[in-house]
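So this first bit is one chain, no partners, the form predicted alone, shown in structure tokens.
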Amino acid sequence: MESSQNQFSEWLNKQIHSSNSGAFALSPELRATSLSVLDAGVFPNRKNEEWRYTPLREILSQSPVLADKTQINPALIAAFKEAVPNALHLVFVDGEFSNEFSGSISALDKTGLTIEHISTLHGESRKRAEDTIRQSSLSDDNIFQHISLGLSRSGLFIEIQKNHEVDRIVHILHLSTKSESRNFSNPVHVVRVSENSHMQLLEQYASIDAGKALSVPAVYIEVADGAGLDHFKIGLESNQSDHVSNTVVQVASSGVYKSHQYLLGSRLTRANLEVIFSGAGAQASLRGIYLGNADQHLDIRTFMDHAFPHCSSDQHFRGIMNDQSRGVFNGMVLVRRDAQKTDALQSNKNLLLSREARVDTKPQLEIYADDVKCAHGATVGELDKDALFYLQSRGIEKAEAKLMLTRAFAAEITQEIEIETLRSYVQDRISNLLDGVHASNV
């Protein structure tokens, strides 16, 4: 890394030394380390191995703004809620929580679920939330995590009591509105799933009227002994928006964490997901699709830390890139010395729909135990010519045949979504994007 003098750094410096420090969500003690990192102003660049494929020039060359309150047509928000219509919807508009568009969180504790605003936490609740953050150690301790921790003004603390099955999906919807300036948001969410409990969580990031935005969220998750979390993330931001996120998940003994990521929008998305096994017998399943058009850059980094025996992880990501878009998959599986009987799989398959599209894929295994079952692989290629010829020989037009094969390529991932409405929602949006891609290639 090297020090970067740029407009974004200058803007951050003003926020660090803001006289309105009481507006920040986390405690001064927790923020202190992050503020020191921000004060140094050191951003990753192409010389940093974990960031060598991620272009940050556009982000660093602009000064964002903290958006003013904006009036929104409720029908526009309702369209994004269709993914999980019966969920508990928690809506943020330009980084600020909206009571108007969100469900009530005041009486949830009767169901075993509590949701509080991080900025209003006190006593034991604040201690539990901030302890979860402190215990979450990123292998890539990048400055964007500290932008979230040091300067966040919003976020949620979601906690499930022991031995509870939460029957409603929790849907956190982040919306950016239309603006001539670049709206900025950096929420911090903390999720604690207690022993033998289970819940489903959907994070969704989207734009209204092609708004300009920079989103820098951070999510810290703790899955306790025997607990389970199904975690979904959908990116539908405009092509004038950038998104850099950090998610850290701790999974204790016999815990199960399932992740689905669908990156379908933004100019640049960098999604960093790290899973740390903190007990024996833990499991993690990661699935994802990144679909790029025009000059989009969609970048997924995963880090799977096997530190205990009898743990298993299974990763499967697929990229579909068109025009001059670029996809990146950078996945690391670390198997430590005591993590015997580890079972780890990692797969990344990519489909290029134009000669100008590009994918950089880097699946990695680092193994220090000797009794393990580990495998990884990656492919980058075009549509299968034999399959394309077969469909055409059955009277299907070439453009429709290409579309069918591309949809099938994506469906091998999306069909694993167990929530029917969410599966249909994701598949429809992928299908709509592919319709446009193949129409432009006819």
Partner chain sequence: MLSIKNLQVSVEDKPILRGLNLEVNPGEIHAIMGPNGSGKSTLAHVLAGREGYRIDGGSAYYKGINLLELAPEIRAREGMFLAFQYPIEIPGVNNTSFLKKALNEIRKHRGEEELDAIDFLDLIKKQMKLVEMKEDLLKRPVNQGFSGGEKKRNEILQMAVLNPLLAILDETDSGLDIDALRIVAGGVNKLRTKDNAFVVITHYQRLLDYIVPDFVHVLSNGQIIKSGNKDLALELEERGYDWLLDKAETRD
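Positions refer to the first chain, counted from 1. On a predicted model such as this, the values are computed, not experimentally measured, just so you know.
From this point on, the text means the form predicted in complex with its partner chain, which you will not see here.
Here the chain stands by itself, but in the predicted bound form one stretch of 386-394, 46-54, 29-37, 64-72, 386-394, has heavy atoms within 4.5 Å of its partner chain. At a distance threshold of 4.5 angstroms between non-hydrogen atoms, Glu400 is in contact with its partner chain in the predicted bound form. Not displayed here, its partner chain is approached by Met404 to within 4.5 Å at the level of heavy atoms in the predicted bound form. Put simply, Glu416 is far from its partner chain in the predicted bound form: not one heavy atom of it is within 4.5 Å. Residue contact with its partner chain in the predicted bound form: Glu382 places no heavy atom within 4.5 Å of it.
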